[in-house]
Each structure stands twice: as structure tokens, then as C-alpha cells.
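One chain comes next, on its own, written out as C-alpha cells in the form predicted on its own.
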């Protein structure tokens, strides 16, 4: 059995860095037509110009900053132009860490808007397209901090727990239309951002607490999402798949 996405249209938010960038690479390699988003206008312009130069007509990047309600709804307007979207991956997310007694309402609103409101709005929009076609896969990217938590994560954990709840409820609503909705919750992933925010010593200390003895790679997360999005998945829906090397069990 092989996984492929020829003749499939795949939407991936937050696709310019980290896990999202890996997903864009992997889905593209497997033949998908890609709708990709990122937050930086100059970067999006450069990426699209490179695609044009290389005659990659089956991929397009859109600038979408979910801190802005206008930007979110501009994206939904663009999505309505598509006659089908087979796979939707809500990958965009932000985090600002602080103790609950020091958090601001601005941080609360911003993180809610990006991590929970945007996936809800996109799910609502995309599901209408999928319903018409009687087919779809929606994957929401949450976090182990939607299941467990640690200090300074009150807002982040709230949004990721909410995203898991949204996944379960949407799966029930959409099951009659052959639309499967699942959540993937990564643990600690070795991305460029992780390398910038954690020292080598901090990463080594963290690795000691992971039963698998290493941080996840973006490829580790992508493989799970590829399976859930593929024709091999015909019956898994409403689930939160934790991909953390066993961390939450320690």
C-alpha cells in the first residue's frame, strides 16, 4: 500500500517554517496541489515568484496573519474560490509564556485568535466545500500541552485543549458526509525555533526525560499526518494522536 495525493487539494496553514514547511514538502512530493499560508508578505511574495520561475502551477502561498481578523476572513474568501479541498491541516500557532498572574488580556486574545479561532473558522469554511464533495480529511495540530501542562502555559494549554475539543465535536458533525477530523499533538520537536529558544544544555536535559531518548523531527510528525490524511485512513476520526516519544507517560 502506498500513500499518494495526486488529484488532491491540500490546505496547510503555517507552511513556511517548522512542521508546516515539512508538511508542504512531503505533500508536494506525493503529488498534491497545495494551498499554503504564511505570515510574512515579503517571504510569501518571494516564494510565489520562485514557484512561477520553476513553473510550479500546483502550489500557491497566501499571506494570512491570524492575529488580524481581516486577514483571516480574506483567506476564507480565497478558499471559497476552490471547488474542492480534500485535506485541511490547521498548523498555525503561537505561544507566549508567562505565569497566569502576569498574563495580559492582549496575549489571551492573540493566542486564542491564532490557535483556536482561526482553526474553527477555517474548519467551518472548508467543511462546507467538503460536504458538497462528500469527502474530506481535517487535521488540527494541537500539542501535548493540550493534555498535560507546565508553568507559564495557561493560555497556550487552554487553546490547545480547546482545539482537541473542537476536533472531537466537528468529527461528530461531519462524519455523515465522509469527512474525518483528527488532531495530532506533537511533543518537543527539533525545529529551528527550538534551537533558537533552548540552549544545548536545556535540550540535553529535556532529552533525558523523553523515553525515546531524542526530540521529534518534523518528519516524525509529518508521517503521522500523511497517514491520517491519506486513503489508508478510512475510519479514524475524532481522535487526538499524541506524538511525543512517550513523554506524557513519564
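Please read all numbers here as calculations on a predicted model, not as lab measurements. Positions refer to the first chain, counted from 1.
Here the subject shifts to the form predicted together with a small molecule, a form of this protein not shown in this document.
The contact with the small molecule in the predicted complex, taken as any heavy atom within 4.5 Å, belongs to 192 out of 202, 192, 49, 219. Checked against the small molecule in the predicted complex, the residues 228, 10, 19, 242 give one hit for a heavy atom within 4.5 Å, which is 19. Across the proposed site, 138, 167 and 237 without exception lack any heavy atom within 4.5 Å of the small molecule in the predicted complex. Among residues of the shown chain, residue 66 is one whose heavy atoms approach the small molecule to within 4.5 Å in the predicted complex.
The closest non-hydrogen atom of residue 94 lies within 4.5 Å of the small molecule in the predicted complex. Proximity of residue 87 to the small molecule in the predicted complex falls outside the 4.5 Å heavy atom cutoff. Contact annotation: residue 56 falls outside 4.5 Å of the small molecule in the predicted complex, judged by heavy atom distances.
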